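Take a look at this single chain, the form predicted alone, given in structure tokens.
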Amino acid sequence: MYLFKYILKRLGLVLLTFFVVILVCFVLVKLLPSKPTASFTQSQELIEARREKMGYNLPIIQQFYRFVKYGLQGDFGVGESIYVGSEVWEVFTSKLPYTVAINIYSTVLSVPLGLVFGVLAAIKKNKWQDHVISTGVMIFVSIPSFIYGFIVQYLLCFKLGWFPAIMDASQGAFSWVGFVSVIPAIICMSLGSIASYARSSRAELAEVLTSDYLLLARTKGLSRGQATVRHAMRNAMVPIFPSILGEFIAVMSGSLIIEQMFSIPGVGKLYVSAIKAPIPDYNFFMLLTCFYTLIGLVASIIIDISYGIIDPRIRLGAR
């Protein structure tokens, strides 16, 4: 009962937060100048008709009502600065698989490597292995991913010539050609995550390994490896697994800078293109703002709920 009430409360807060964020963004966007239809050399009649449908000549509250009404039906208008005349929703869905692909690849790479490095550092605490891993973690956590992008592009793409500098999207998002061409981007997106997972797992496991119940397990005849795998890892994963789950839920959020650097035709690059156009494309901007906001809120609530599922001792919502 406590968990059910907590989930309902969290869902209500998520919906309220989502509504407020979208309302604020919508009002601010409508205060900016829009591209006049007379400046379009193509699709002028279509854009005029869609603007009439979305209520561009109505008060802003009615415009927001129509935006929500048609948005729930998957109708966010047509492109006016980029992909002129194309349906915004169709362009978005065509770009989404590329963002999902690169983030799945990076998550599959970063989670096991991060956990392995973290476990090794915890088991070899205060030894040279721990110092090397901790130093690497500090470096990779501190450096932004786009710095990795420049280094990886220079070394792997231009100097060694192992991979192309940009993604080959000719055969689709999940093709082998696309995967090979996007390996440099996967490396850039994974380094920070690997360091973050290693730091978290090292901190949690190092604390668990000094617990009294683990000493009791050793005195009962379990080897250090058996005690670590059967008892220490299970308890150490309680705070780590929700963060992994949250990142997996957020795989669709993409990387704005990395997608731009490696010419990955995903939603991140689409977002940047919509913003940096001579006159920003507000229809694409609003759809992608809704998308990123919703992904972030859903990831946060999944993380909160997963704590109570992973560890039954945690009673969410209980007083």
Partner chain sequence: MAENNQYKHIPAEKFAFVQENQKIRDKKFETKPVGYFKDAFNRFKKNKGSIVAAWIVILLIVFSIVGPYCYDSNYQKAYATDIDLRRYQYLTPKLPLLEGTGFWDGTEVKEISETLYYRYLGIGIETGNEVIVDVLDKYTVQDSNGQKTMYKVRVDNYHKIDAFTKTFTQEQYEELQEWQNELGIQIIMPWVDYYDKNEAAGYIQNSKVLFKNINVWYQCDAKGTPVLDQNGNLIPHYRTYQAGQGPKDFYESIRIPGDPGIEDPESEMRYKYASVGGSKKTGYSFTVRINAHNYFIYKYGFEPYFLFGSSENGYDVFTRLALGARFSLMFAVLVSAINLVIGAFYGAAEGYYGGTVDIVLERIVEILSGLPTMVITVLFNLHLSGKVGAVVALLYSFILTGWIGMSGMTRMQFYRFKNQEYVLAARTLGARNLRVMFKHIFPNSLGTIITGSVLVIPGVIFSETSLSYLGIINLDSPTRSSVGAMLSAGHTVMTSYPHLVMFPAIFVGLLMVSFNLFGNGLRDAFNPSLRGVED
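As the structure is a computational prediction, the values presented were derived from the model and not from experiment. Numbering follows the first chain given and starts at 1.
There is another form of this protein, the form predicted together with the partner chain, and it is not shown here; the text below is about that form.
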query: In the predicted complex, the residue from Ser142, Thr219, Gln73, Thr210 that sits within 4.5 Å of the partner chain by heavy atoms; finding: Ser142
query: Contact residue in the predicted complex, chosen from Leu11, Cys25, Val298, Ile305 - any heavy atom within 4.5 Å of the partner chain; finding: Cys25
query: All of Thr17, Val20 and Leu31 with a heavy atom within 4.5 Å of the partner chain in the predicted complex; finding: yes
query: Non-hydrogen atom contact Ile47 with the partner chain in the predicted complex at 4.5 angstroms; finding: no
query: Close approach of Phe179 to the partner chain in the predicted complex, 4.5 Å, heavy atom; finding: no
query: The partner chain contact at Phe285 in the predicted complex, heavy atom, 4.5 Å; finding: yes
query: Distance check, Phe67 to the partner chain in the predicted complex, heavy atom within 4.5 Å; finding: no
query: Which of 153 to 161, 80 to 88, 116 to 124, 101 to 109 lines the interface with the partner chain in the predicted complex (heavy atom within 4.5 Å); finding: 153 to 161
query: Sequence-ordered list of residues in 270 to 290 near the partner chain in the predicted complex, where near means a heavy atom within 4.5 Å; finding: Tyr271, Val272, Ile275, Lys276, Pro280, Tyr282, Phe285, Thr289
